[in-house]
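As a starting point, one isolated chain is supplied in structure tokens, in the form predicted on its own.
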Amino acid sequence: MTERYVVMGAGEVGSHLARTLSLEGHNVVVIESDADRRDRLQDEIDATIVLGNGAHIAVLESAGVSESDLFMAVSSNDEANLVAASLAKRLGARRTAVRVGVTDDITVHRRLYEAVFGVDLLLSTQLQATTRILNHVLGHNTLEIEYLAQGKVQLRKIHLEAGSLLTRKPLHEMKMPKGSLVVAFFRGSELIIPSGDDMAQAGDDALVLSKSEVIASVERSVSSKPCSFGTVVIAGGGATSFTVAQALAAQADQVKIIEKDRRRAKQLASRFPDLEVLNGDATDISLLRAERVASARAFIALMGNDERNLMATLLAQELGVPRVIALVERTETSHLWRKLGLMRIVSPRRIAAERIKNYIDRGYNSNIVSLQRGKAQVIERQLAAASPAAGVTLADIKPPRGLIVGAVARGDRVFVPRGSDRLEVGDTVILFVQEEHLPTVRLLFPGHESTQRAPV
């Protein structure tokens, strides 16, 4: 079926989406403020190009957003993307998808951004890139992540290989980290709510709910590749480096950051007193030798410049580092990088385009649980005084097997409740519920239906 799409921003993300959707036979309109880029795109794809600023109503109207099935704001300006999405929704766009670069605001305030700006899919390129990098470095298989309770709780979909403990032991024998819970297995098109006697099968995807502070331990416990992580060297000290270093600090034996700018290096050293922060040039092989980079398990180039990242990863590879990863902004040259060396390439822009295309192909389902077309949902509710669940224990409620109270956030405290735990007014509860038990949720936890959406 032919659908109508409007894409704001003809950079790498926008042009890739426009080209792909146009080749599939859809009606595509692209909004671009740069005349030269517009001219180039007109020669490359079968789409209508509107010259102008997508954050202006007249431009949106000329692009026909009122008749669009999906408006995609994917320019390099976060604020313009959010404003344009809000205006497009008011003008009649059925759905909106917004790409932003930041991570912290999205993990903590995502629901507020979605509500205020009318966004159906809000994704952070920085967060996506960080997840992909950590998978490469640590050998994990995280497919998607949702941040709940203002980032205090995470829901992760993790692919299970044959060596995972979840495929070798029933759940009641698994010593999962405190504050974590396996809520479901996906086996092909089947959704399984496991009991303590159930085991996963190789090839399943596990849905794991966990406090954010123990998610690293959860990943290790279900990984098929448990190992000592050794030393990881990060070249560059920008925003993505910050989030990667933050995640690796609790998992690698040692993390070194090499940052050329002295002021930034001092800031990182202050923020990460337990890490080794070096002020120097990661493309200087004498520095890499002096700092014994050759003994590192992984080298990650995140310097904000494709050519410098390439040079640094090739030098690290020449020194014998077994795993090298480079962040690439211009993905049209990424295949050349792979030919030059056996390296992992992470492109935030290409990942963002793939994520939006996946959202379209799923039938506009952004919830990671909705791979089974709504058979289950994850709902976040705040307990009101009128809720029958307020003031009673889980044992008193006796929720059915298809309704799991997965986590409770009470102030700064987050915990996975047991039968003897009492729920209180003001608690934020994270519920995993199968479709047939939604009426029970509405009875026990009355309130606004707020199904979680993934930002990654």
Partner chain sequence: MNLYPPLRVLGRLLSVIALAELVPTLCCLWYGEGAAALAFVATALLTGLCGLGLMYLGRHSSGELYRREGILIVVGGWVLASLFGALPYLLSGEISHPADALFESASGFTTTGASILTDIEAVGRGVLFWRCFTQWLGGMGIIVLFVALLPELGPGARFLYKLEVPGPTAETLHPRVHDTAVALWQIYLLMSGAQIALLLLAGLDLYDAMTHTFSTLSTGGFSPRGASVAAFESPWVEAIVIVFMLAAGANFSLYYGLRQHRGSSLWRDREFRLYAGLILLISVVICGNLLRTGTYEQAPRALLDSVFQVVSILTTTGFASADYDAWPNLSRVLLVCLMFVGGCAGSTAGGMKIMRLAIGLKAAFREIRLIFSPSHVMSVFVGGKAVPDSVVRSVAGFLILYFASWVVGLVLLTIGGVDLETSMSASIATLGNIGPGLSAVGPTGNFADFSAWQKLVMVVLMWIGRLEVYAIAAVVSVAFWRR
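Numbering follows the first chain given and starts at 1. These numbers were taken from a predicted model, which means no experiment stands behind them.
There is another form of this protein, the form predicted in complex with the partner chain, and it is not shown here; the text below is about that form.
Contact with the partner chain, judged by heavy atoms within 4.5 Å in the predicted bound form, is confined among 190-198, 167-175, 283-291, 122-130 to 283-291. Residue contact check for Arg308: none of its heavy atoms lie within 4.5 Å of the partner chain in the predicted bound form. Heavy atoms of Arg271 reach within 4.5 Å of the partner chain in the predicted bound form, making it an interface residue. In the predicted bound form, the partner chain sits within 4.5 Å of a heavy atom of Lys266. Contact check for Glu276: a non-hydrogen atom falls within 4.5 Å of the partner chain in the predicted bound form.
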